[in-house]
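Only one chain comes next, encoded as structure tokens, the form predicted alone.
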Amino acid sequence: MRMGEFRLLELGYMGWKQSQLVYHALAEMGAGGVVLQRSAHTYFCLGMFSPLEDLDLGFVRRRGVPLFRRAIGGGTVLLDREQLFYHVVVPRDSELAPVRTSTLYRRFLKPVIQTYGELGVKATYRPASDIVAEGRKVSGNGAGVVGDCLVLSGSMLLDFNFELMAGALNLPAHLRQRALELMRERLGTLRMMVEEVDVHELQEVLAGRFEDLFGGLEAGGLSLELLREMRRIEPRYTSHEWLRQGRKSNGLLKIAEGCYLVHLRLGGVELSAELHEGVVRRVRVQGEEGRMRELEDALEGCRAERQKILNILAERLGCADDVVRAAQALSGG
């Protein structure tokens, strides 16, 4: 595929399902392009392997918030009208298709970073998949293979509903509150950093930077062919079976790169902690007979090194499968 065959689809507001189906359909068709759009609705979007059990499904149902599982990586995210979505679809036989996932992120997040710069926000890429500015995550992204295409999907946060995201987490009340505090500390929005945001101008700048990267993009829209493909794949991507798949929860909640909240049950022991830049902090271990302060002290301030943590846990809790899982979580997954 030649660069000139890539399309730019600026689609405005779309329904929650359509906002995800559109780029999946484009990839299933093997058609390269960049999709810029917004969601008319609030919904949770799970990554390909995200555990459904990480969400409090009762809370989600009571709030009437729908769920969608995408076919690419990244974690569970809350999406709504206060975000500008960008989806990049590149056929694997294209000269622009990188071999490494790290190159995919670096290459195709460049227009987003440039757009922040034009707003006066100094943003940088932080591996594996974040864009950060002023010490805060301002954009989270996911990538993967759909059909014969590489896909990168992410959003620029205009604003964010911290309370809804924290409230939906399947955590004890005190940890949901802590997750809320961490989100407020580590996530950033354009309305925090820029005095005034014109979304139409923002999209225009972003589209221009993507055109620069691709050497030109052919303007397009929702063609009949694309709409038919969206309709064809919809039953698969909205099925109960598709939504229920995913890995077993590892007890690790990513707030931003370098910042994680851990919550695990190990038999009769409940363990919670935080990881900050590779160091274990705020450890609390509750056993059947009360706080296990010796274990807390041994873990507090420990480097997030799997073998070291496994040794500490195994010495005090034995060598069970749950202990191995806990060591994995406390070392950042």
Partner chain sequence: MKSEAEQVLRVGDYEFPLDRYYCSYRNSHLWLRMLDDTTAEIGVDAFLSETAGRFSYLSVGSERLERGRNFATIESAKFVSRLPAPVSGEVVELNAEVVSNPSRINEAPYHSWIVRVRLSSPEELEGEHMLRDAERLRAWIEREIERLEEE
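Keep in mind the model is a prediction, meaning the values are calculated, not measured. Residue numbers count along the first chain shown, from 1.
This protein has a second form, the form predicted together with its partner chain, left out of what is shown; the following refers to that one.
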### Query
Closest heavy atom of R265 to its partner chain in the predicted complex, within 4.5 Å or not?
no
### Task
Considering only heavy atoms, tell me if G208 and its partner chain come within 4.5 Å of each other in the predicted complex.
no
### Query
Heavy atoms within 4.5 Å of its partner chain in the predicted complex: does T115 have any?
no
### Message
Given that its partner chain is not shown alongside this chain, does G167 nevertheless sit within 4.5 Å of it in the predicted complex, heavy atom to heavy atom?
### Response
no
### Message
I need the one stretch from 270 to 278, 30 to 38, 286 to 294, 66 to 74 whose residues put non-hydrogen atoms within 4.5 angstroms of its partner chain in the predicted complex.
### Response
66 to 74
### Query
Among E218, D198, D148, D159, which has at least one heavy atom within 4.5 Å of its partner chain in the predicted complex?
D148
### Among the candidates Q177, S223, T103, T124, the residue which, in the predicted complex, approaches its partner chain to within 4.5 Å (heavy atoms)
T103
### Message
With the distance limit set at 4.5 angstroms and only heavy atoms considered, check whether R7, P235 and S239 all reach its partner chain in the predicted complex.
### Response
no
### Query
Taking its partner chain in the predicted complex, which residues along 29 to 52 bring a heavy atom to within 4.5 Å of it?
M48, F49
